[in-house]
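The form predicted on its own is given below as one chain in structure tokens.
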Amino acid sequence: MSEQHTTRSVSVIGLGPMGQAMVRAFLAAGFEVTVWNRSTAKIDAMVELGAKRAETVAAALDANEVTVLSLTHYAAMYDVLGQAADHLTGKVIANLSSDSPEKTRVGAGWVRSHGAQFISGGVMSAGDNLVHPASYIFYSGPREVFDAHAELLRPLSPQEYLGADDGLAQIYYQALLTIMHPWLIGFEQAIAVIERSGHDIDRFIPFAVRSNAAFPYFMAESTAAKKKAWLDLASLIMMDAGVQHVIDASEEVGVDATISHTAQAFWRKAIAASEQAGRVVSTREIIRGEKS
């Protein structure tokens, strides 16, 4: 094996905020990093830090055995790797881009059809901060491929290998983002209510942090019941009333309460289904589309 293909060198394709964070992590670990991106300005910035420039996708693939992809979605993978598909044979593609599980499985098949090995990943990070204590990366795909290259990928973040299904990392990743997105919008709504009510955000934030510490309790209570409802009918009715108060508090000061209306719709569906079924129907059953 030539010197350029040692385990201390890697290529990174895609230099958005996350891709750049990955390059910095590899460089900090003493790796030789070859980079390619559509925007040459982003390449220039990484070269200034010590990365090597690849003029083409083919050159990036040729430089190392392993290439890490950090792209917007899997459609971008086809656009990028399609420029040099004949250079994939014998390579390893670690696609750490976000997409749906099924699109990941199809993309894995496409890469392998061109003679390369493939593993997928989902980067659970605090923004693009790969060294934050809460950051880690889900991986899935053939165990032997992950094991062979886990040490190479270790500088990026702690690793959680989930299984052979190429889409499994994205199942977990997207499930966690399912929690994050409404949480972020809900947090912005809360901040807006404080602001529009004429009060200080900085005074409010410690209470928000304190309240969030209870979330693991609610998760445990919810999942302990498995398929059963963890709230009785009286509690569902209370949740409907409670979210109406949130809506009122928001709209009284001109704050958009769309996400609260959406939550209320699910509480009300569960109440109606429970009354019709003569038993408690959980919001999880409603979300899963199960019949009472």
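This one's a predicted model, so the numbers in the text were calculated from it and none came from an experiment. In this text, residue numbers run from 1 along the sequence as written.
The next section is about a form of this same protein that is not shown, the form predicted together with a small molecule.
You can rule out all but one of 161-169, 195-203, 182-190, 122-130: in the predicted complex, only 122-130 has residues with a heavy atom within 4.5 Å of the small molecule. Annotated contacts: S11, V33 and D44 are all free of the small molecule in the predicted complex [non-hydrogen atom within 4.5 angstroms]. Put simply, of L152, L156, L96, L88 only one has a heavy atom within 4.5 Å of the small molecule in the predicted complex, and it is L96. For the residues T178, S100, S113, T72, the 4.5 Å heavy atom test against the small molecule in the predicted complex is passed only by T72.
Contact check for Y173: a non-hydrogen atom falls within 4.5 Å of the small molecule in the predicted complex. Though the partner is left out of this view, M18 does reach within 4.5 Å of the small molecule in the predicted complex, counting heavy atoms only. Contact check for D79: a non-hydrogen atom falls within 4.5 Å of the small molecule in the predicted complex.
When contacts are judged by a 4.5 Å heavy atom cut-off, R38 counts as touching the small molecule in the predicted complex.
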